[in-house]
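First, one chain by itself in structure tokens, the form predicted alone.
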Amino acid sequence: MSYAIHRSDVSALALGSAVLGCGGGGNSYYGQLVARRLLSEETEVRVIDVNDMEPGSFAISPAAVGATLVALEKPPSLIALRAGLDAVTPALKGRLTAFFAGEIGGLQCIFPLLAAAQAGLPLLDGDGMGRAFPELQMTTFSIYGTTRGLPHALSSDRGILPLPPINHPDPAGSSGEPPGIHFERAVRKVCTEEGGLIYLTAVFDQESLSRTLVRGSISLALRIGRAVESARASATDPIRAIIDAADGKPLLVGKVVDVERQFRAGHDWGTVRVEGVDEDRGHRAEIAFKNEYLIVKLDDEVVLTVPDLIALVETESGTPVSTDILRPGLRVTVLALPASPLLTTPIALKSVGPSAFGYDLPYISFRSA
């Protein structure tokens, strides 16, 4: 069933998307600023299921590619987004019917919303991850395969960027590497050369999206965001609101005591350490991240891994804490949320499980945490 998003829904959408972004997916503050500037009070964007698209039609995903820390320093570029859309749209010859998010995150979900509003087209209720991940081959589109040869474009403030030839296009992953890894490497090289932040605009067809889209993630983000806003207004517990809205569970309530980070190969890598407070005093958590939170250790035992979702939120307000704003002294609650079933199949775990990030660990699921 379709429904409408209005300007007044942007704060809830950005907040809920930032929770699902697992520390990445772009800073939600920037997302809200841009949306509020560009969307009028009368703006209405319909949200539809992918099955509502006409067979043979297309949808576009406009997205940022880069490191979270760089994205914090460089506000979203509407020039780059416009250049990407202008480059791919003419080839669709009037068969563009929707926009959608490549991944859920506080900023990434705003780009397709703005594009949909400006074009007067719907937004698909879904994305390619059901969360945020740091690399392009980690989408369900790469994992399960989509129609090849459709238009895509890289862009920056300088306009369209050339993409070097991809030496070993390998959609089936028969080389033993994850499918889509060669495209990721080519794009990441351009991203690094451009200072750590560029934009990717990509076209997908309805048939591919109906097989691969993680459905319902826009609705879930709105549900989480509205639950937190309602809890704040009624002076009730925003953490419980997130848990109830997203079927999650708390892992630790504590205070950030240490953050290690480094910018490497176009990503923010690091570890954040949290010491328990109140009922969790005496316990500690260590969370590794690569743009997004990946692995949680509680008292030196790994209790949760990717692809399940790890979120840090401010205990008092329920505000998501992205990896770019981590600092000692923040009082946070570490939350676990379940991943989409599309991410936990054996084939998907090769692309988004712990080994995909270099960890010699099995997938430890939300259900066992």
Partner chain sequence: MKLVAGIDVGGTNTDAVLVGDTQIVGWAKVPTTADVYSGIVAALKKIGGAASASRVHIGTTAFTNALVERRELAPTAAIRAGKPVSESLPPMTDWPDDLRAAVSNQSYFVSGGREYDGRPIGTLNRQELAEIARRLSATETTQAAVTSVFGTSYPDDEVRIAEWLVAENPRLQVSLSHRIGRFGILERENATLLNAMLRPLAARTLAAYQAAVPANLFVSQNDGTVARASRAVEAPIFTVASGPTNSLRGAAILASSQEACVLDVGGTTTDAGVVHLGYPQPAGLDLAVGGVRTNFRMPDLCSVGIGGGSLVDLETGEVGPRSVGFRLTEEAMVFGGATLTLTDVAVAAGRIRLGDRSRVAHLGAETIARVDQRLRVRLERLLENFERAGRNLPIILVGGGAPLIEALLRDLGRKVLCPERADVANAYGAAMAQVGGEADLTFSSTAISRPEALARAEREAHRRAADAGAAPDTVTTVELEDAAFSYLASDAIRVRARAVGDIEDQAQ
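Because the structure is a prediction, the values reported are computed rather than measured. Definition used throughout: the rigid core is the maximal C-alpha set that superposes within 1.5 Å between two forms. Numbering follows the first chain given and starts at 1.
One more form of this protein should be noted, the form predicted in complex with its partner chain, which is absent from this view; the next part is about it.
- Proximity to its partner chain in the predicted bound form holds for all of Tyr30, Cys191 and Glu275, with the criterion being a heavy atom within 4.5 Å.
- From the list 183 to 191, 238 to 246, 207 to 215, 96 to 104, the contact stretch for its partner chain in the predicted bound form under a 4.5 Å heavy atom rule is 183 to 191.
- Put simply, Gly270 is far from its partner chain in the predicted bound form: not one heavy atom of it is within 4.5 Å.
- Remark: Pro122 does not count among the residues lining its partner chain in the predicted bound form, judged by a heavy atom distance of 4.5 Å or less.
- Shown alone here, Pro178 lies farther than 4.5 Å from its partner chain in the predicted bound form, counting heavy atoms only.
- By the criterion of a heavy atom within 4.5 Å, Glu286 is excluded from the residues contacting its partner chain in the predicted bound form.
- Out of the listed residues Leu342, Met53, Val47, Val65, Val65 is the one that sits within 4.5 Å of its partner chain in the predicted bound form by at least one heavy atom.
- The partner is absent here; in the predicted bound form, the one residue of Arg82, Arg261, Arg226, Lys297 having a heavy atom within 4.5 Å of its partner chain is Arg261.
- Within 4.5 angstroms of its partner chain in the predicted bound form, the stretch 278 to 307 places a non-hydrogen atom from each of Asp278, Glu279, Arg281, Asn291, taken in sequence order.
- Val228: CA moves less than 2 Å between this form and the one not shown after rigid-core fitting.
- Taking the rigid core as fixed, one finds a CA shift for Leu309 smaller than 2 Å between this form and the one not shown.
- If you fit the rigid core between this form and the one not shown, you'll see the Cα of Lys74 move by 2 angstroms or more.
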